[in-house]
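Quick setup: one chain, the form predicted alone, written in structure tokens, and binding and motion questions come after.
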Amino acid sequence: MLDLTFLGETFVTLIGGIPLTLQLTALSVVSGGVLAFVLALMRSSRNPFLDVPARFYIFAFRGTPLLVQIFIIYYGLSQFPALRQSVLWPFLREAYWCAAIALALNTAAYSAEVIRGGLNAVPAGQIEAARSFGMTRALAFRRIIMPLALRQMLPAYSNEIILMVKATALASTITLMEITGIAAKLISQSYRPVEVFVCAGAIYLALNFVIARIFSKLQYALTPEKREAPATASGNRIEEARHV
């Protein structure tokens, strides 16, 4: 039988890892999102000097495991004396920053393709209409292209953020005590992996449920036709009732 007392104590202990998990997620998503936007623009460019490096970056980070990338940054960069003597070393010697950098670089590769897909999904007629009204390229991008692309890419980007929440579990391999790191410590002390991982899984599930709901509300707010559909349907029913 499951020990409910142990489950409750484990759950409370694992909650202490939520702030670090959310910090790593937020830092990697924000910094990775900025890099992803630049990469998406480079991929959309017809200039091979911009397109080819972006293609290689995306291929390299999508084609290798995130765990390997974390190990290369945390263990591998310290092998270069120039880095150990640079101003970056105070950051690169810390497990927290190594994990955040690896997560950001990884999510940037995936997010760049999501953003590029959203930009390519904007109808050409919308762009031509903006130009016919005399909008500059920058103004059309800010007022027409980007809002439409955001609506297109939001579902896929929400999935990427959920994946990043789960990916933070790999930070435990370099001694960070987020949810999975604390779970591993509890297992080594109690030898009860089932109960501990059930609690950890429940916490990840709750976090991702909240994120999914936030993005669902955001997508609803950015899609006028979804908000107007119920009102239009009720209006049609009223009109039908009037003609009866």
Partner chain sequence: MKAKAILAAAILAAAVVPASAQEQVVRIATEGSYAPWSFSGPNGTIQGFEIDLANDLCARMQVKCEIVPQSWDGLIPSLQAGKYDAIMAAMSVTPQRLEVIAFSAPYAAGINSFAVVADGPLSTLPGTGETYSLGTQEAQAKARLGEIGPLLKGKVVGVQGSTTASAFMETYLKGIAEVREYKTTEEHNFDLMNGRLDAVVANATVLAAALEKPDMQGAKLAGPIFSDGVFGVIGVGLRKDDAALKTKFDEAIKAAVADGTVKRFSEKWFKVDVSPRT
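Residue numbers count along the first chain shown, from 1. What you see is a predicted model, and the numbers here were worked out from it, not measured in a lab.
Here the subject shifts to the form predicted together with its partner chain, a form of this protein not shown in this document.
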query	finding
Site test, Phe71, Ser188 and Pro193 vs its partner chain in the model of the complex, non-hydrogen atom cutoff 4.5 Å	yes
Partner-contacting position among Leu50, Leu35, Ala212, Ala184 - heavy atom within 4.5 Å of its partner chain in the model of the complex	Ala184
Answer option from Ala109, Ile161, Ala167, Cys98, heavy atom within 4.5 Å of its partner chain in the model of the complex	Cys98
Gln152 within 4.5 Å of its partner chain in the model of the complex, heavy atoms	no
is_contact(Thr175, its partner chain) in the model of the complex, heavy atom dist at most 4.5 Å	yes
Contact test in the model of the complex: Glu113 vs its partner chain, heavy atoms, 4.5 Å	no
Non-hydrogen atom contact Ala140 with its partner chain in the model of the complex at 4.5 angstroms	no
Answer range among 129 to 137, 113 to 121, 142 to 150, 90 to 98 for contact with its partner chain, defined in the model of the complex as heavy atoms within 4.5 Å	90 to 98
